[in-house]
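Only one chain comes next, encoded as structure tokens, the form predicted alone.
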Amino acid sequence: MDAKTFDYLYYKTHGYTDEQIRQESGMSADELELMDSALKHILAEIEAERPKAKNIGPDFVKLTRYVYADKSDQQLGMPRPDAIKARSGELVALPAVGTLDFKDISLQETIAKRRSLREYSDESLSLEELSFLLYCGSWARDFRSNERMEITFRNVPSAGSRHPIECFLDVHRVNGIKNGLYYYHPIKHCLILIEEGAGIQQKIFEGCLRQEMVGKAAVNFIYTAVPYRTCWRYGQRGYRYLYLDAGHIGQNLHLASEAIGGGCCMIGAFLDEGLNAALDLDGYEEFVIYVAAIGKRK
């Protein structure tokens, strides 16, 4: 879904008149008429489901309590999901973990300095710095697999070591890497090129609601969730753990960014449909859950 389609659906479902929609979105009368025809079924679906949204938060907390739970797929003997999703594309090697030289900064000082940084210099990140950031949030230090269970161990906690969070990178200024969208492989500690160039970056920028920091960051980390990796073990309660796991990663990334003389801003405001489409995700079996803009301090 592009930004104009989202604008139309948002304004239409919030009671704007056609004239107001044209003023707010810049659509012509012909474009609006085309949208009315093409998106009629989606509008009907949204209106039918909106009553559910009024109490979805309290209902989610209530209905994911243990007293409501059925047996999980693990308890039912269903095949275990893979710990890593298969991806294909051009491989980009990263420096080995531990090769970065740090200035003398204590953990206490790093925590005290942590702020959400939204303005960045034009300085690029080095490959060693990018490798360190990935090591802190997504790298798998151990991988174990058998017929019954497949898990990874990382530098962040995760319920049952399920680690359902995948990491993509929107690279703008990293030395030695072409601009574009990459997937990070946490076991091989390498990048896989998904799509090169400004076209995909514009889609990501639009999906992040055109937030200025996303366009000016050296790199944007885009985290996606694979819910079944956790729900296989924990049932619907596993959806709670997705957001906890993402939060653990976000804090590690914040502190790691401070340690390299940079800064980070975690982003929860994004157009789900737009970012999922940019990453070719279905929004159900895998969906964007968190974004982080990172760059060097001015």
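Since we're looking at a predicted model, the values are computed, not measured. We number the residues from 1 along the sequence you see.
The following text describes the form predicted together with a small molecule, which does not appear among the structures shown.
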Checklist entry - Looking at 97, 149, 192, 213, which has any heavy atom no more than 4.5 Å from the small molecule in the predicted bound form? => result 213
Checklist outcome for this item: Students should find that, of 43, 266, 27, 246, the residue having a non-hydrogen atom no more than 4.5 angstroms from the small molecule in the predicted bound form is 266
Next on the checklist: Within 4.5 Å, heavy atoms only, one stretch in 115-123, 97-105, 175-183, 152-160 touches the small molecule in the predicted bound form. Which?
Outcome noted: 115-123
